[in-house]
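Given next, in structure tokens, is a single chain: the form predicted alone.
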Amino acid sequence: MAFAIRKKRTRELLLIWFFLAPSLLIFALYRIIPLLWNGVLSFEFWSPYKPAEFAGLYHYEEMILYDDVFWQSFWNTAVFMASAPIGILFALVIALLVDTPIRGRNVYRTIVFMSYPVMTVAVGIIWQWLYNEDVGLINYILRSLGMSGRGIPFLNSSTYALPAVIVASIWQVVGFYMIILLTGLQNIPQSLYEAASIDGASAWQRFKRITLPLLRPSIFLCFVIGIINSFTNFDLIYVMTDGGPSHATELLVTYIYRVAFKLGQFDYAAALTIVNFAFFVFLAWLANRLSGGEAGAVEST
């Protein structure tokens, strides 16, 4: 009997690994191996035209001590990531509104979500037109209201460029946040709210004691998506500003691209990639700790 059970479990494990193998292979080829290769390359002087030489920590020293653009892009990435809670807050307010029994709520949900499936390049072009100094809709409204005598060069200003891009990014992703939070809201048992109402809890107390704690996994997921977005939002930056003006919107991912494919310094770009990855892992770990340390965990049966 025990032998038959072990044999059955072995067959199940083999079947599981059989179906997982293609995905794991692709993940290894396009994620693990390139990351390991970047790790090796970051400790070398490497060029396609000459043999590699050991460089030790030279690239990291140059990055930390002498590269002002790296620190600018690092700061911009942190600011971009820090804007995620703003989008999550907007999405939470919208999710709470469309979760109430109002007429046409499905239409409202669809309208809010429609921004997310739009290609990021298209989003960049749309917002580039909206911010246009001469014919953009935003500047037209500001002039019509008498708030600005002439057009504001949003994307050509070191002061306004990064906030302008962040607004476009939030606009695109807020619909996705809303769907995640709305799903979390609909999974909260109504009996909890009914019991709290019977006990005399106010709407704010019900939100604070029931809604927020039970929405923590959904909020954590949104925050992780926001972190990923801040590290991978290459196409929006590339279309809207190309990292300018004067690196005011340069993110780590756009700087890595610039160093590797425009300057041809693949070894230094590899070191930047490792720092970018380490920063991302640290932020994901920190977000998980702040959410209780068990976000995304599955209870064993």
Partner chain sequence: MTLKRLTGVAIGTAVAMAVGLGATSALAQSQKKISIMTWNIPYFEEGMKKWIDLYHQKRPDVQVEWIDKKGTEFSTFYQTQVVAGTAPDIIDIQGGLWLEYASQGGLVDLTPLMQRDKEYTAGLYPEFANGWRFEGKNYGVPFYISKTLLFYNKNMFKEAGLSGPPQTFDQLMQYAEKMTGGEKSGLMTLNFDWLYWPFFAVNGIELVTPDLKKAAFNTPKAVALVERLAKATQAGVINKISWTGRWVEPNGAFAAGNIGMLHAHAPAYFWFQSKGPWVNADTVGAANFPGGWSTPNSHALLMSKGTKHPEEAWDFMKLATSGEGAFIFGTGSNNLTGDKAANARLMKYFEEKIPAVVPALKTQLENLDKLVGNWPLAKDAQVKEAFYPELQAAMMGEKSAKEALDEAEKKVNRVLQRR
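Residue numbers count along the first chain shown, from 1. Model, not experiment: these values are computed from the prediction. We call the rigid core the largest set of C-alpha positions that still match within 1.5 Å between the two forms.
Quick note: we don't show the form predicted in complex with its partner chain, though the next part is all about it.
Peer 1: Please check if Tyr238 has a heavy atom lying within 4.5 Å of any heavy atom of its partner chain in the predicted bound form.
Peer 2: Tyr238: yes, in contact with its partner chain in the predicted bound form.
Peer 1: Taking heavy atoms and a 4.5 Å cut-off, does Pro245 contact its partner chain in the predicted bound form?
Peer 2: Pro245: yes, in contact with its partner chain in the predicted bound form.
Peer 1: Does Leu263 reach its partner chain in the predicted bound form if we count a contact as any heavy atom within 4.5 Å?
Peer 2: Answer yes; at least one heavy atom of Leu263 falls within 4.5 Å of its partner chain in the predicted bound form.
Peer 1: Using heavy atoms and a 4.5 Å limit, would one call Phe43 a contact residue for its partner chain in the predicted bound form?
Peer 2: Close contact is absent here: in the predicted bound form, Phe43 is far from its partner chain, nothing within 4.5 Å, heavy atoms only.
Peer 1: Pull the contact list for 107 to 135: residues with a heavy atom within 4.5 Å of its partner chain in the predicted bound form, in sequence order.
Peer 2: Sequence-ordered list: Gln128, Glu133, Asp134.
Peer 1: Indicate whether Ser246 shows a C-alpha shift of 2 Å or more between this form and the one not shown, with the rigid core used for the fit.
Peer 2: Comparing the forms between this form and the one not shown, which are aligned on their rigid core, Ser246 does not shift its C-alpha by 2 Å or more.
Peer 1: Any chance the CA of Tyr257 moves 2 angstroms or more between this form and the one not shown, core superposed?
Peer 2: After core superposition, the displacement of the Tyr257 C-alpha between this form and the one not shown stays below 2 Å, so no.
Peer 1: Given a superposition on the rigid core, I'd like a yes or no on whether Gly56 shifts its C-alpha by 2 Å or more between this form and the one not shown.
Peer 2: Yes, because once the rigid core is superposed, the C-alpha of Gly56 moves 2 Å or more between this form and the one not shown.
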